[in-house]
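Just one chain is shown here, as C-alpha cells, and it is the form predicted alone.
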Amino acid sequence: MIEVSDLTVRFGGVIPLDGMSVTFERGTCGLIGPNGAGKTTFFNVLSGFVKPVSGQITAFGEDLLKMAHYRRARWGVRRTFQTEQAIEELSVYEKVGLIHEQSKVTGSSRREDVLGAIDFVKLDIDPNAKVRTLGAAQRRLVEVARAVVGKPRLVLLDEPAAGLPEEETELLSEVIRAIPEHMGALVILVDHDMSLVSSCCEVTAVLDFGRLIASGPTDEVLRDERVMRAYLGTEEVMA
C-alpha cells in the first residue's frame, strides 16, 4: 500500500502537485489526468528525482521520502519513462541486467532473473539481440522487463502504450495485469489510453492542475462529471 498525504511540489511559482492525498492499494492502480496535471512529477517524487516542499509518502509501512534516491531502486522502486531510456548498442539481456545489478537480489540468480523478466513480458527474441534492432513495441516491452526484474515492490509505468497500435497494446495489457500476481508488486499506471487503464486498473485516481479531483473504482471515476470536464473537456466524449 502507498499512502500519500498532503504532497506539494513547487518549481518557483509553478505548483505541479498541490496538497495531493491518495491511497494506492495492492494490484494495479491507474493515475490519469490531462497533460501537465502532475502525473510525471508524482512519479519523479516517488523515484527520488524531485523533492517535495511538504507532505508524506508511506510505502508498505516505510517512509519513502526519508530514503535516499539511490537506495529506492534497491528497495524496490522501478519505473518506465515516457521517453525510452535506450542504449542501442547494448543487448536486451545487458539492458535488463543493468537494473538487476541495482536490486537487492544476489548476483548468483542474475541470469535466471533477467531471462525470466524477458520471458515474462512475452518478448520472443534472442536475449543477445541489440536494442537498436528492435521495433517500437519490442522496445517498450524491454522497458517493462527492466521494471519487473529483481523483485520490485513498486512499479511505475509512465505511458507505456503511447503510440502503439491496438494489437500491441492488448499484449502490453496482459503483461501489466500479470505483474501484481506474478511479481508481488504494486503497479501505478499512467496512460492516456482509457481502454488500457480500464482493462488493467480496478481503481484509478485523477489529477488536474496538481490537485486530486477523483479516486475510486475505475468505471465510476471515468463517469465522474469532474473527470469528464477536466480530462476530456466534455461529458459526451467520455460517455
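Position 1 is the first residue in the sequence shown; the rest follow in order. The model shown is predicted, which means the values in this text are computed figures rather than measured ones.
Only in words, not in the display: the form predicted in complex with a small molecule, which the text now covers.
A residue is said to contact a partner when one of its heavy atoms sits within 4.5 Å of a partner heavy atom; Gly55 fails this definition for the small molecule in the predicted complex, lying far away. The small molecule is not shown here, but in the predicted complex it comes within 4.5 Å of a heavy atom of Ala37. Using a 4.5 Å cutoff between non-hydrogen atoms, Ser47 does not count as a contact of the small molecule in the predicted complex. Contact between Thr41 and the small molecule in the predicted complex is found at the 4.5 Å heavy atom cutoff. With the small molecule omitted here, the record of contacts in the predicted complex names 27 to 35 of 167 to 175, 27 to 35, 63 to 71, 193 to 201, defined by a heavy atom within 4.5 Å. Shown without its partner, this chain lists Thr133, Ser109, Gln82, Gln102 as candidates; in the predicted complex, only Gln82 has a non-hydrogen atom within 4.5 angstroms of the small molecule.
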